[in-house]
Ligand SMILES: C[S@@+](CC[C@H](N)C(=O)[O-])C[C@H]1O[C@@H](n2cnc3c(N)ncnc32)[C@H](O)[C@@H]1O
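Presented below, as structure tokens, is a lone chain in the form predicted alone.
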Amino acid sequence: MWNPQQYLQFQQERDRPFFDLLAQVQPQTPPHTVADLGCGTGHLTAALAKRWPEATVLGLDSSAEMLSKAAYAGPNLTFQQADLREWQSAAPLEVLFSNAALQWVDDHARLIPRLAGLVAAGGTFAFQVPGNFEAPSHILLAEVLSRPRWANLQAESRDKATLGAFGPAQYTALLAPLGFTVNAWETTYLHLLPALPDGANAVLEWVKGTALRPVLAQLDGAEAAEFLAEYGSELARAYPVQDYGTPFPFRRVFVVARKG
């Protein structure tokens, strides 16, 4: 279950890659059909509708909790609950956009070509995914989960080994043979997470909104508090607080591909 309030606790940092990706999407003509896969609360999908006011814009997400916060519907903007692994567009899309969603789906060697097939000739497939599977936040989570106390817990189901190997070159190799002109790159943001009330661990609060969700869902209140204390102590050593905030490096991979 997604918690919109927890996820958007660091909204500025989470939103920035969306706009960095959008800035590189330059259709030759204004699009008429746009879809946002994994739209979450829809506040960023609204930016797509504002960018292209003549387009029909669809925000798609599997989470009813996130979509319940999507109060941005308008004349050219609608939302739909669906699984992007199975969803099919009723018509070819002139812009297929996805920000920080595709990493939740395994087997990108199959997923990316399938989604690319939804794009109209001359259209654009643009997406951004976190590439931080080798970061301390993820490595330490796996380490804590391997301890006997937590060995019965199931971590997130994503194939991290496979997704961790995907970068600009791998996505280009998937899309270029399909007739796409690919602009792919990666960026490591150095987020300076602000101090939180009551001395809360900022990196722990960030991860609670994403990778920790499936873990915490398996624990009762006391167990969750114990797990968070144990994992949080590891994060505090890996990401020490400075006078100016908590430095939190975060790598992301971007792709903007135009179908020739």
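Sequential numbering from 1, following the sequence displayed. Please read these numbers as outputs of a predicted model, since none were measured by experiment.
Omitted here: the form predicted together with this ligand. The next part is about that form.
Although the partner is absent from this view, residue 104 contacts this ligand in the predicted bound form, with a non-hydrogen atom inside 4.5 angstroms. With a 4.5 Å cutoff on heavy atoms, residue 62 counts as touching this ligand in the predicted bound form. Although the partner is absent here, residue 93 is not a contact residue: none of its heavy atoms lies within 4.5 angstroms of this ligand in the predicted bound form. None of the heavy atoms of residue 134 is located within 4.5 Å of this ligand in the predicted bound form.
Taking a 4.5 Å heavy atom cutoff to this ligand in the predicted bound form, the contact residue among 141, 115, 100, 175 is 100. When you look in the predicted bound form, the only residue of 235, 207, 228, 66 with a non-hydrogen atom within 4.5 Å of this ligand is 66. Look at 22-30, 219-227, 191-199, 41-49: in the predicted bound form, residues with non-hydrogen atoms within 4.5 angstroms of this ligand sit in 41-49.
Contacts between stretch 80-100 and this ligand, counted in the predicted bound form as any heavy atom lying within 4.5 Å, involve 82, 83, 84, 85, 99, 100, listed in sequence order.
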